[in-house]
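In the structure tokens that follow, the same protein chain appears in two forms, which are kept apart as structure 1 and structure 2.
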Structure 1
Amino acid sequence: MSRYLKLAAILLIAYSILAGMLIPLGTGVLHVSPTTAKGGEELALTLKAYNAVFEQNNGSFEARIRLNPEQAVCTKKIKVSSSNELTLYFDIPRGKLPVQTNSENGKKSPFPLLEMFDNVNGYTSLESVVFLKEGAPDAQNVQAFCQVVPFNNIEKTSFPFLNILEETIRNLFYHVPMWFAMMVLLLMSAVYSILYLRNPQIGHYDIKSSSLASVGVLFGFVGIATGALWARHTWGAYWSFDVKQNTSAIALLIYLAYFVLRSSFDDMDKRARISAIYNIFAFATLIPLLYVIPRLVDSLHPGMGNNPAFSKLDLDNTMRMVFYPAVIGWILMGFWMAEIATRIEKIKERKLEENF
């Protein structure tokens, strides 16, 4: 491995840690009160925001509750109580409100959707903000709605704020690359196993294969541990028996058996041959365990239940700028680590050959 690749690994990982920790989150709404509103009455919606700078005399402030893609109830007055708390006043129309309850793709409808915009904080939204109760229609029954016009967004380098996730969205740069790197390392390990079986006289293919597998499994365990900590504070438990958690644990146990198998042979050639065959089969089970089964069933992980991962919501452009360097950096780091383990193992092999 060339020294430039090693340097690239260091720089990319350093960049991903620095940028991943230093870029702020966008403004987001933490919670609102009250949670119900009645038609024909005035709604004074008090909200607490995260990472916000609200000012009373900010002329650019706009807010609305969207009922469907075209119609919204616009705010008539805004009162700022502190830099992250404000009250929005709405007049909810009487009669049956045209709230769209189900969206096209069968997902939960975001409406009524609270949307806010100002020049300092940018665009902020909160789905299903209030439960709207129908008010008795009066004689004329005139419902006044304002048209939804797109807000002019401001350019702001920030990660998206998602409720529940909040700052832990940054874990994407430290948890997910582990799995990418594990996958690449174990793939290369399987490739070296095939190469060994084709040319058994080249001994270092076996050493390479086993050190790549050991670093890959290390990354897998780091992935499980970081994922468990993340899950504790977002899904509520270290281990919630999610499909992907279970299948990845099974996959890692299969690889642990690979190391047990390796250590149970005294004869070097026999060990190399049998563990190479086992390694190929282990990799063959890894693909359905991590990439097929979790997609077929519902899971807490994003990209499950027939959805592709990395939809627009999971990963926006600012996050891509940190995420992909992190993936490449950790893959290179994994190869570097495996290379060191291989070299150490080679020296040992050479010394053992000299001794006999």
Structure 2
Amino acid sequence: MSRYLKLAAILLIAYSILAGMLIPLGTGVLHVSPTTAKGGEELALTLKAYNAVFEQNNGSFEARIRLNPEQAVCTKKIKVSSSNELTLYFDIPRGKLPVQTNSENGKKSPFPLLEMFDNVNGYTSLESVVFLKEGAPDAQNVQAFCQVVPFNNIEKTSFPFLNILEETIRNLFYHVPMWFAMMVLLLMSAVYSILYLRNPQIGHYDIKSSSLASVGVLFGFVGIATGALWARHTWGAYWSFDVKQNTSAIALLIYLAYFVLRSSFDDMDKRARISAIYNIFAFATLIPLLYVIPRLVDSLHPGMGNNPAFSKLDLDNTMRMVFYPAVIGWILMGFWMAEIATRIEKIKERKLEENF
């Protein structure tokens, strides 16, 4: 591995750690009151926000409750109570409101969607903000809707705010790259095992395969540890026996058995041959354990079961600027660590040969 790739690994990881910790979260709505409203009545929606400075908006504040992609109820008055609290006043139209209840793919719609914007805090939204009850029909059939037009948004470098994740959304840059790096390292370990079985006389393949597997499993355990910390905040427990947690633990146990198997043979050729076969089998189990089985059953983990993974609303361009360098950096770091482990194993073998 060239020194330029090593330098790239260090710089990318350092950048992802610093940027992931220092870039602030965007403004987010923590909770609103009341949670229900009736047609034909005034709605005074009081909300508390995170990382907001409402007192500095200089009259540029806009807000609306979108009922569907084309129609909305715009605010008639805004009262700022403090830097992170304000009250929005709406006149809810009478009659049956055209609230979209299902999205195009048949899933639950985000409407009524509260959207706010000002030149200081930027864009903020909250899905299913209130339950709108049908009021008495409008005798004049006049609906006080406003047309949905794009806000004059501003460029603001911040991570998106999600009520469930809050500040822990930063763990995306440290938890997920571990699994990416693990998969790449274990894939290359299996490739070297195949190369060894094709050319047993080249012992370097076995050492390389073992080194890649050891670093890959290390990354896997770090991934489980960071995932447990994330689960404590979002699911309420470090280990809730979710199917994704269980299958990940089983996959790592299968690889731990690989190292136990290697240590049980004194004959180096026999150890290398049997370990290579087992390593290929171990990698083959990763696909169903990590990607197939969790998708077949309900799971709390994003992207598994009926739980959506990060979407364009939360994995935005700012997060991509940190996430992708983190993935590349940890993959390069993994190969660097595997190279060091390979050198150590070669030194051990050389010393054993000298002793005999």
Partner chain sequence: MEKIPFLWSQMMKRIYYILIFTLLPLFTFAQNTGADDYFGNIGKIYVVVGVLMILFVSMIGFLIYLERKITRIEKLFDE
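Between two forms, the rigid core is defined as the largest C-alpha subset superposing within 1.5 Å. Structure 1 provides the reference sequence; residues are numbered from 1 along it. Please read all numbers here as calculations on a predicted model, not as lab measurements.
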Check against labels, form predicted alone ends up as structure 2
Residue shift check between structures 1 and 2, rigid core fit, residue 293 Cα at least 2 Å: yes
